[in-house]
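Encoded as structure tokens, the following chain is the form predicted on its own, with no partner shown.
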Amino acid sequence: MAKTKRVFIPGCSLSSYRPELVEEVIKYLKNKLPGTGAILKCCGKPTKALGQYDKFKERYAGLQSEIDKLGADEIIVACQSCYLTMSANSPEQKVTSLWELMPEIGMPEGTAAKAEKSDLTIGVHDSCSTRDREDIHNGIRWILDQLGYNTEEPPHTKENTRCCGFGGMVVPANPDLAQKVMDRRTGEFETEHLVTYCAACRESMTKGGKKAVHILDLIFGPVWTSESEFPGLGTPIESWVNRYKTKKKMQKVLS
């Protein structure tokens, strides 16, 4: 296995959502930070949320082994749950959010101001798991400003954001409660169009009745307008197929 000092870990939700976005992020990072590697493996956070601590430790040890094999001393993540989990369990590595990193290394080529003529006003939903990370909040808004989109801030935003309804494994445990939380959150926005930086949050916003995209859709996709067809909800089978597709795309771009 080739050695690298830096590794990108996209997380399960993003990999299940759109494999091509993972591919584009890796290409972007390899261009800006040559030698960046990548790993597709679960951090085990859902297992821990269910109270299966021994199983979590076992799963995280497997991930840590892959990181150590690469010789990486920095982990770049796009998932907020991964950020917290890895920060707490990989003390020998620096854990960096993609959203705090992008303002430092610059936008992908050709993306700056591309949406300045879009008619959208996009509501920004912050992930509750990193509600105390001002650098992530600022990074997301810097990206949206660089792209040229007009944005809306809900009453509860940044450090005061509300849960999307997906946290704590509440969806499988109590789907009715989860839906109430989703509806409460989406009801705070005047605009019908929302952006998240978590694929699970995007799904929750969609279940709450809004048209939602992941911020990587805005960065690497077309210019979104009120006439655009926003992504819906995938099936569990599609999610697993997308993870397989992500693995194949990662192998290709890293080879």
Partner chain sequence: MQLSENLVREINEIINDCLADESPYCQSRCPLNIDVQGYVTLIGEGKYRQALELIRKTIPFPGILGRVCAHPCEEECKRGEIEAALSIKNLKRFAADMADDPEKWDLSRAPETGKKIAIIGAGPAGATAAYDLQKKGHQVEIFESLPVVGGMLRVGIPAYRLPETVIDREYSILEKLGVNIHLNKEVGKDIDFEALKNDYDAVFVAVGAHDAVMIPVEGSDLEGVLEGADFLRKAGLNQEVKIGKKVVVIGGGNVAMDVARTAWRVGAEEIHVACLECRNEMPAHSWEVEDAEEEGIIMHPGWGPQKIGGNKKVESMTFKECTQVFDEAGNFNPDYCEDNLKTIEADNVIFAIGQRADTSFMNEQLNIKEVDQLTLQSEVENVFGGGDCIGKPLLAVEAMSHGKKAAESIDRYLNSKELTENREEEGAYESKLQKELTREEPVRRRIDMRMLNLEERKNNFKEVELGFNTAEAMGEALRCLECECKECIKECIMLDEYSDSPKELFERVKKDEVDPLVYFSCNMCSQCTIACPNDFEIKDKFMQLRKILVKENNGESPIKGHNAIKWHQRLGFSKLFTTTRAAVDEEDTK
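The structure presented is a predicted model; accordingly, all values stated were derived computationally and were not measured. Residue numbers count along the first chain shown, from 1.
Although it is not shown, the form predicted together with its partner chain is what the next lines describe.
Worksheet item: Quick one: in the predicted complex, does every one of Cys163, Val181 and Gln251 get a heavy atom within 4.5 Å of its partner chain?
Response: The answer is yes; Cys163, Val181 and Gln251 each reach its partner chain.
Item to complete: May I ask you to choose, among Glu153, Glu116, Glu159, Asp135, the residue with a heavy atom within 4.5 Å of its partner chain in the predicted complex?
Response: Contact with its partner chain in the predicted complex is made by Glu159 alone.
Worksheet item: Which one of Gly148, Pro108, Gly167, Pro103 is close to its partner chain in the predicted complex, taking close to mean a heavy atom within 4.5 Å?
Response: Exactly one residue meets the criterion: Gly167.
Worksheet item: Based on heavy atom distances of at most 4.5 Å to its partner chain in the predicted complex, which listed stretch, 194-202, 209-217, 223-231, 36-44, is the contact stretch?
Response: The contacting stretch here is 36-44.
Fill in: in the predicted complex, Pro91 touching its partner chain (heavy atom, 4.5 Å)
So Pro91 does not count as contacting its partner chain.
Practice prompt. Would you check, heavy atoms only and a 4.5 Å threshold, whether Cys128 touches its partner chain in the predicted complex?
Written response: Yes, Cys128 is a contact residue.
Discussion item. Whether Asn174 contacts its partner chain in the predicted complex should be assessed with a 4.5 Å heavy atom distance threshold; does it?
Written reply: The answer is yes: Asn174 has a heavy atom within 4.5 Å of its partner chain.
Worksheet entry | its partner chain in the predicted complex - contacting residues of 63-90, heavy atom within 4.5 Å | Glu66, Leu70 sit within 4.5 Å of the partner.
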